[in-house]
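Given as structure tokens, the chain that follows is alone and in the form predicted on its own.
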Amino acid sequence: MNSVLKVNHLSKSYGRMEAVDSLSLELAEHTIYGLLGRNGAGKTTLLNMITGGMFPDGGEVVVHGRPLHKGEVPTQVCYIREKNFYPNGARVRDVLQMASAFHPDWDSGLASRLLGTFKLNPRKKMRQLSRGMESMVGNIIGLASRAPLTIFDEPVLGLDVLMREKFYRTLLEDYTEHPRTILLSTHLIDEIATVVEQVFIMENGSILMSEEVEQIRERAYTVSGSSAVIASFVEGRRVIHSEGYGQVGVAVLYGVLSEQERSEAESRGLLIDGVPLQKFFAYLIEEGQGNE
């Protein structure tokens, strides 16, 4: 695997609060990743350290094979923050022009086309834009930058469903023509499930799970039926969530389930079904909190 980014045992504290706790992860080239977590999970702190905006208390960040030193901003990286502050009176075209100066592979033709795609007036002042349209200006910068490592922090805030779908579709189309490493930080796992190849699920400054999306789909499942039979079935398995209603129960599990095990469970009156990724994500967070 050709590594674009390596994070080794990264830590950052604010007083007694451990925002990022000895976290490690690695991103390969030409791959789309998702960084998932609730607000306060430590995602933005992690991204700020990766991109040189904040220095860690411990650990190491290696970008394109080179360790990142204190006060250094990595090259060939485009980081689109959740919230940006623009010069007073700046217009959309001014912001795009400023961004182009920082990215040597900038594609001005793509930026112009995307203004049309997302119906953005280049002469409009940034302060006049809605929250969603402000997000789209950042997203255009991320796409037009052509940076080998592009990071989007909550890229669809303020966008309606149709605009979110259009953004994801545009991102995938452009990625197909110009592969690079993309990291999408969000809490909307169902929406990005068809876009990303691998997810990192983060809570309390740590990575709870790092898996390929298809593997999560294959290994996450629900079991419902008699509470007594479920209790016997789940023994020795990883139970993410469980609840009961009298003599009937439901459990969410994670792991490999063979066809023979599935048949045996169904022969005992249990119903095996899939689980929506957003629910699985929420239950996994609850499990992580329970292990504190």
Partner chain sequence: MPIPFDENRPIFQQIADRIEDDILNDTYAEEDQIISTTQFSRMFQINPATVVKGFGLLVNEGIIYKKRGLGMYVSAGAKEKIMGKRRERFYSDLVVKLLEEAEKLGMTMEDVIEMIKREKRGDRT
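Computed from a predicted structure; not experimentally measured. Residue numbers count along the first chain shown, from 1.
This protein has a second form, the form predicted together with the partner chain, left out of what is shown; the following refers to that one.
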Point to revise | The single option of 32, 253, 250, 61 touching the partner chain in the predicted bound form, heavy atom within 4.5 Å | key: 32
Point to revise | in the predicted bound form, the one of 217, 113, 124, 178 near the partner chain [non-hydrogen atom within 4.5 angstroms] | key: 217
Practice item. From the candidate stretches 148-156, 186-194, 202-210, 114-122, select the single one in contact with the partner chain in the predicted bound form, where contact means a heavy atom within 4.5 Å. Key: 186-194
Check your understanding: Does the partner chain get within 4.5 angstroms of any non-hydrogen atom of residue 277 in the predicted bound form?
Key -> yes
**Study point:** Exercise: residue 165 in contact with the partner chain in the predicted bound form, heavy atom 4.5 Å
**Key:** yes
**Study point:** is_contact(residue 266, the partner chain) in the predicted bound form, heavy atom dist at most 4.5 Å
**Key:** yes
Practice item. May I ask you to check whether residue 173 falls inside a 4.5 Å heavy atom distance of the partner chain in the predicted bound form? Key: yes
